[in-house]
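Take a look at this single chain in structure tokens; it is the form predicted alone.
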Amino acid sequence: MSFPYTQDLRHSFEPSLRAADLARTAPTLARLKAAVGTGRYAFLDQPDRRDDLAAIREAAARFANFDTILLLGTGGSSLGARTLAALVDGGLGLWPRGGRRLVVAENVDPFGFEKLLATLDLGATGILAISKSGGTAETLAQLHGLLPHLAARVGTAEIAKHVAVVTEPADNALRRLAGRFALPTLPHPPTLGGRYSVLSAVGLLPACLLGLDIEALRDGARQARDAALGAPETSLPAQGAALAVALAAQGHTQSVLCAYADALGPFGQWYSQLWAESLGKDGKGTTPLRAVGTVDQHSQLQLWLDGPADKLFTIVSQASRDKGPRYSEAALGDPALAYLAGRTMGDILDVAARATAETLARRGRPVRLMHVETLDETSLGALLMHFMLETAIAADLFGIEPYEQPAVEEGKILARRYLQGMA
């Protein structure tokens, strides 16, 4: 069986300039390998877990009769689910006819919330409320705003058939609310940060509800983890981390992840939170930027090629050659389109990705190529683990702690103070 993805650094940077940083990853890789199975870094242990799958599947079975799943959560509680759901909806919200759909409510925009309520049949909707701490203001506000409407639709006694909760196994506002209505509750691992939680119930319960193979997701992640925790020279995440840190020292302070697949658009959002919130500390880190090809070729490529030389580009692609509609010369009926004759839509996407990467490289822009033959649960699980490891390794190279976000707490404290002081 082939490895779920490939990484090509030939156009990324002069190898000798990142060699020192790559060598410095050896102690980190050894520490991470020794930590597997100990609980020290909880994200490393998720691929091996099977003890939680029965509870996840049982919770999913309770929602078997619902056409729509509404997820209430934000940040790490929602972006992982969006990323996994893109395997079903193509990243475009295009759900299979007759299939179950996932709707994600992440914000507390009252205008959007009213429109959401107007479009949902709550009697046919299962609701997931996810918050690691159980005190996320946005999620609690969404759920409290929704419950009166749900009670009016199905009756207070039936609420527990429609709502499930994922939160830490500790006393918190969300768990207390779950207790009041006898809502089924799954534990969020206490030592697992939200942005690293996609392979826990946080991501796997929505994935299971959509019919995805949750064991394959973890198997892909396990393959990526086990292959990564060896020598730096063969560790794809260590190579990526060394590249990013070496380039940061050269003034490349932005990291663009451009996915040539609509279904990887949400993956770019997930990556952006992971990289930004983990590494943006003590004046260090680089700024993640997400893009989708070919769309962003028509809006950003000019800047990428001819603007500031301050970006590392990661081009992620899936095999698309010979996929999709094929164009015949007779049907095209225009000499100006002769170059499309005999080609497919997937051919266009394939050559666009290759041409963009080559053009960037010719302009001296560092480019990393990542590729999956088939975008499925196994390959996506592997990519998720790759970037979690790459982030953790880069944090060690930068000399920062990647699992907390202390600067964010100030804004939360101020927001609560303002709410309390409103006239």
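Numbering starts at 1 and follows the sequence shown. Worth saying up front: this structure is predicted, and the values here are computed from it rather than measured.
The same protein has a further form, the form predicted in complex with a further copy of the same chain, not shown here; the description that follows concerns it.
request  = Name the stretch, out of 238 to 246, 221 to 229, 162 to 170, 299 to 307, where some heavy atom lies within 4.5 Å of a further copy of the same chain in the model of the complex.
outcome  = It is the stretch 299 to 307.
Notebook entry, point to check: With the partner left out of view, is K323 within 4.5 angstroms of a further copy of the same chain in the model of the complex by any non-hydrogen atom?
Noted result: The answer is yes: K323 has a heavy atom within 4.5 Å of a further copy of the same chain.
Margin query: Under a 4.5 Å heavy atom criterion, is Q318 part of the interface with a further copy of the same chain in the model of the complex?
Written below: Yes, Q318 sits close enough to a further copy of the same chain in the model of the complex that at least one of its heavy atoms falls within 4.5 Å.
Given that the partner is absent here, does S2 sit within 4.5 Å of a further copy of the same chain in the model of the complex, heavy atoms only?
No.
Q. If you check in the model of the complex, is G155 within 4.5 Å of a further copy of the same chain, heavy atoms only?
A. Heavy-atom contact with a further copy of the same chain at 4.5 Å: absent for G155.
Exercise for the section: Would you confirm whether the three residues R50, A61 and E233 all fall within 4.5 Å of a further copy of the same chain in the model of the complex, going by non-hydrogen atoms? Expected result: The answer is no: none of the three residues contacts the partner (heavy atom, 4.5 Å cut-off).
Can you pick the one in T286, T314, S197, T83 that has a heavy atom within 4.5 Å of a further copy of the same chain in the model of the complex?
-> Checking each option against a further copy of the same chain in the model of the complex, the one that comes within 4.5 Å is T286.
- Sequence-ordered residues of 147 to 183 touching a further copy of the same chain in the model of the complex, heavy atom within 4.5 Å: In sequence order, A173, R176, R180 come within 4.5 Å of the partner.
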